[in-house]
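Have a look below at one chain only, the form predicted on its own, in structure tokens format.
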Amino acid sequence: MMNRLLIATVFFAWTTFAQAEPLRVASLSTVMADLARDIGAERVEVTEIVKPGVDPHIYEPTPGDRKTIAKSQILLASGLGFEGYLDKLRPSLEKAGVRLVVGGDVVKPIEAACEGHEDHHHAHSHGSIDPHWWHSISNVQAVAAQICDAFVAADPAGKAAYEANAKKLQNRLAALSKWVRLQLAALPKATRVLVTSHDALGYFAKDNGFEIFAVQGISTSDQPSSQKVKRLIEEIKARKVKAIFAENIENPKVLEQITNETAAKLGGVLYADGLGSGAAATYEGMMKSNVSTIVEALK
């Protein structure tokens, strides 16, 4: 009897331990890492390969990153050409049995406003598609559902927990969407002009009726010509634009030149290529920070 009890106890402890082993998730996207932490809670262990404050446009995975990715069960990526190295990674992912979840596969892509470009570091393979899909909350809702499905497929025992967490997240995203609309109601149509370091807020502009004028193209590695800067200065003067915006990972040198030559002031810092730190370390916090900065500077 004692032996049976001991075996049952050991078996119970072993199964509990087996279940306690978290799902290993690696992420090339700070936004998707945040969604994964929300949906997975204690059932997943999320490793951020690309961290906040790193310029994802010029990032390349290190040998250490590749090892971390190979040990994970799921890899999250933005897609739409945002990670220029993704196609090179695919064969090693298949070999290691890592499931790739690409956010860009489930969103409604828009075309980039700027002419195409070549990234000097590596070719950005998205053609004229804008890869910054997370600036539209409805896209983020679609990607949250995609991540939830991937977790359920990899860990069916966690289905109820993943779906309950995902539902809470979807409710918060719906509330965030309402909050954004309410805040932006303070801005008349004529003032809805965003002059930014690079062309990353196209989805936000489309959702909320803004026009975008960007110093650089879709990638932070695009350098603007002096003609482009001159045209931009003329446009800002003609439109009486009140403020222009820098980004958390960008050098605002050209923006300073523009403020010196126009009546526009520097309106603050926007998070364009992913999450930041502090209040902007979560998706909701990042969106609230961007919207508050825009409204404050343009109203």
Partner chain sequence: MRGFPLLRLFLVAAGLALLGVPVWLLTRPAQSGPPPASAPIEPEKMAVYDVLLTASAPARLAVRVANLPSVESVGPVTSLSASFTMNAAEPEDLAVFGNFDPAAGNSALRVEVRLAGRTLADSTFWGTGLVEDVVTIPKP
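Since the model is a prediction, treat every value here as computed from it, not as a measurement. Residue numbers count along the first chain shown, from 1.
Just so you know, the form predicted in complex with its partner chain exists too; it's not on screen, but the next bit is about it.
Heavy atoms of S226 never reach within 4.5 Å of its partner chain in the model of the complex, leaving it off the interface. Interface membership of A142, defined by any non-hydrogen atom within 4.5 Å of its partner chain in the model of the complex, is ruled out. Interface membership of E235, defined by any non-hydrogen atom within 4.5 Å of its partner chain in the model of the complex, is confirmed. By the criterion of a heavy atom within 4.5 Å, A153 is excluded from the residues contacting its partner chain in the model of the complex.
Think of it this way: in the model of the complex, its partner chain has a heavy atom of just one of R192, K71, K206, K159 within 4.5 Å, and the residue is R192. Though its partner chain is absent from this view, in the model of the complex it lies within 4.5 Å of a heavy atom of just one residue from K265, K51, R239, R66, which is R239. In the model of the complex, every residue of the candidate spot (K178, R181 and R231) has a heavy atom lying within 4.5 Å of its partner chain. Exactly one of the stretches 183-191, 132-140, 74-82, 104-112 approaches its partner chain in the model of the complex with heavy atoms within 4.5 Å, and it is 183-191.
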